[in-house]
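Before any questions on how it binds or moves, here is one chain, the form predicted alone, in structure tokens.
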Amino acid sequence: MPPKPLDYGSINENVKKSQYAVRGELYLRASELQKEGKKIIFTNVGNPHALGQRPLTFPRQVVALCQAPFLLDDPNVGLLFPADAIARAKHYLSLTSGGLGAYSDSRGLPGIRKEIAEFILKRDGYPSDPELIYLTDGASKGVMQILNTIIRGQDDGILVPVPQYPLYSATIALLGGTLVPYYLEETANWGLDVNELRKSVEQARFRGITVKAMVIINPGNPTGQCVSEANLREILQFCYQENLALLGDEVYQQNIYQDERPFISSKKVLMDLGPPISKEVQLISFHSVSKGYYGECGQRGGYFEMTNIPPETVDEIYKVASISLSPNVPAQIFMGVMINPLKPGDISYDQFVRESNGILESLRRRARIMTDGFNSCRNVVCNFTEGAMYSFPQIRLPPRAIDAAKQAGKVADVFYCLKLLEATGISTVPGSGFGQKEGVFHLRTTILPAEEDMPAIMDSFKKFNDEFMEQYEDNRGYSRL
């Protein structure tokens, strides 16, 4: 009897090839342990509200009123909601064609795209065209739409940083393209060497791969570095020389924990370079409401902006977006509130600043607590989290631990992370899920657990790591870098 269409042997091979470590083996085991009653600290995914971050008051007030517009007709609405939230809700409802229950344009509401264009102009000092801004269900959906447009088959390659966020490797595999890795240099604070980029492109072309685009994640995920302006200039010049589109994943642009390297957008640096580069390099920039001080992951709000993309291609991208009919409308309103924030003098301004600054200042402290905690541990070394919301320590695993992992049929850092999970309830992601150099092992954890819990979490990690190293090191020890 022939196999059925959805028997495992009959399904799309690209689906089998795609892997997504953030919700992979470790996460599934953690979920099992949680069902058994063990307390699990899910630090595997950047999910701020799940780890206790409170939603900002003003955006939730605005969306609540948009979701229940009959409240606006209640004579007592002013007792529950401030006047600026009421005014903003009326403004966003006026932009829709039937409230939050109606589809929007496949590109998103024109009024909100106009607000995003004004935000980009204010941020970068260069104009932005609302017609070249598409709202999406989170930045991830936008990345998938663009990669779907770029990749024609296995001979098309996408340059992706390693370590990388597995959205890219999984989507490229799903679409049947080829991931072309370029390695970030851990000893140079996860910096990017253009010579290494050039080698990666040359090697791919030698194999018959047409390298079409380059991904940068700034600030970095999982590595937490902020890309300098000088490095961005080099990247854009490289894309110009090699005829590559640049995909700028900038969803963590509000998450900055040091003052030496502020966030600078790829769009601003591109425009600053002037012609011919500013007129030639094709750039897609992504942003999201999931990160920053909003942390509204479950709302699935994002956008991308296109620069130097030919009109005929924009039309095709619109067609891809239209397949989903409409990005979700409440998330579009969250995006509108985020990029058009309250201003001094607004009734809710002081509360908004107090809440948002409180979150960012706490994250800055947590980044330091976690980095210092890891660096105090035996055989662990960790770069400071300059931005984003992750720590990516290198674990110097002793040879006996690597041998034990092989006997257990596990990659060495998966073996370590599973042991960590069983012993402490801390659910992390092994570095192998993001890519890393051969023989080097990491784990990724968010810096999102509550600040008051962080010392105990780091103590728990240190105790586990000490015992693990004691078990697997030989008497001579195993020195760290």
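Note that the structure is a prediction, hence the values are computed from the model and not measured. When you see a residue number, it is the position in the sequence shown, counting from 1.
The same protein has a further form, the form predicted together with another copy of the chain, not shown here; the description that follows concerns it.
- Contact annotation: A450 falls outside 4.5 Å of another copy of the chain in the predicted bound form, judged by heavy atom distances.
- Taking the partner from elsewhere, I284 is found to have a heavy atom lying within 4.5 Å of another copy of the chain in the predicted bound form.
- Looking at R29, you'd find every heavy atom of it more than 4.5 angstroms from another copy of the chain in the predicted bound form.
- Another copy of the chain in the predicted bound form is not approached by E386, whose heavy atoms all lie more than 4.5 angstroms from it.
- Partner contact region in the predicted bound form: 328-336, out of 341-349, 328-336, 178-186, 375-383, criterion any non-hydrogen atom within 4.5 Å of another copy of the chain.
- Shown here without its partner, the chain carries C226, P398 and K437, none of which come within 4.5 Å of another copy of the chain in the predicted bound form through any heavy atom.
- The listed set E202, D403, E196, E280 contains one residue whose heavy atoms approach another copy of the chain in the predicted bound form to within 4.5 Å, identified as E280.
- Though another copy of the chain is absent from this view, in the predicted bound form it lies within 4.5 Å of a heavy atom of just one residue from P163, G295, P219, P393, which is G295.
- Contact residues in stretch 445-460 (any heavy atom within 4.5 Å of another copy of the chain, taken in the predicted bound form) are absent; none meets the cut-off.
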